[in-house]
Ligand code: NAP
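Before any questions on binding or motion, here is one chain by itself as structure tokens, the form predicted on its own.
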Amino acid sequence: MPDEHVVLLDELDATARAGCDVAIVANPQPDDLRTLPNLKWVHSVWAGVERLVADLGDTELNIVRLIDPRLAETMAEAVLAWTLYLHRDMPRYARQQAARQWLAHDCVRAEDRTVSLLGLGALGAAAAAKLHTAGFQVCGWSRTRKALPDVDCHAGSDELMAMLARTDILVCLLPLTPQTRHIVDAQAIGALRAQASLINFARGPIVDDAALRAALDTGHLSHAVLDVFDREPLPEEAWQWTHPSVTVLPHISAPTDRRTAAAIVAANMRRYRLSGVMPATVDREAGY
């Protein structure tokens, strides 16, 4: 951005801070942003903005989240990879290796397996396309009605349980809002097919932690791949580390690509300077 003056916050004195109108952030301290009295909008370099929305709830600042096609492709790749991990029973074979046990199991066809996505935004749509190409039956659920090719789309609370009852592998890609917190609770988990699996690539509080553990302990859920948690980094004493039916990942399913993210932020800034129009901003009520 050769036409912009880009500096770190700590390098600005009070006069310079008064002249700042845009902040590019990841997880800033709210008090830092309050030292910029003439700030008009905040551009996040992450797709998830629930912390920003909460921290800035008492302000009128506009928040722009990162919408990056590369991020969607990276997430779709991760969804497919870990769906295949569960579909081909990799956790069972890993346990057998540890026990030096040579035993083959029947292979289920992809077309006989239903993968359901919670969240059909940009990430969910890209993941659904990859899953369909791999041969899976694909369902999806969203707050409002969507229509996606080759996806059996559901919407609203009335249709959620019906979709879960058909589900072998559930993939969470929802934004975290007051409405989605613990949406995967004991009732939702109980509605899944026996021996179903779970992938959470959204946010930790989407899933009720106690309900998840109980379902894994009883065997109703066969395995959970968890990339996000209520507390991150995951504390050493957390039960997920040692549970035999959990795969722990360190929030790596879809990291921001610095090259594409930088180009998107720069393009958004350029358009703003030329037209005075901000990129699409976060709906504070919806939370994304």
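Note that this is a predicted model, so its numbers are computed, not measured. One-based numbering along the sequence shown.
Although not depicted, the form predicted together with this ligand is the subject of the following passage.
Within 4.5 Å of this ligand in the predicted complex, a heavy atom is found for every one of Thr144, Leu174 and Val228.
Checking 98 to 106, 190 to 198, 162 to 170, 114 to 122 against this ligand in the predicted complex, the stretch whose residues place heavy atoms within 4.5 Å of it is 114 to 122.
Interface membership of Ala127, defined by any non-hydrogen atom within 4.5 Å of this ligand in the predicted complex, is ruled out. This ligand in the predicted complex is not approached by Thr218, whose heavy atoms all lie more than 4.5 angstroms from it. This ligand is not shown here, and in the predicted complex it never comes within 4.5 Å of any heavy atom of His87. Taking the partner from the other structure, this ligand in the predicted complex has a heavy atom within 4.5 Å of a heavy atom of Leu71.
The listed set Val246, Ala254, Leu33, Leu52 contains one residue whose heavy atoms approach this ligand in the predicted complex to within 4.5 Å, identified as Ala254. Residues of 65 to 97 that come within 4.5 Å of this ligand in the predicted complex, judged by any heavy atom, are Arg65, Leu71, Met75 in sequence order.
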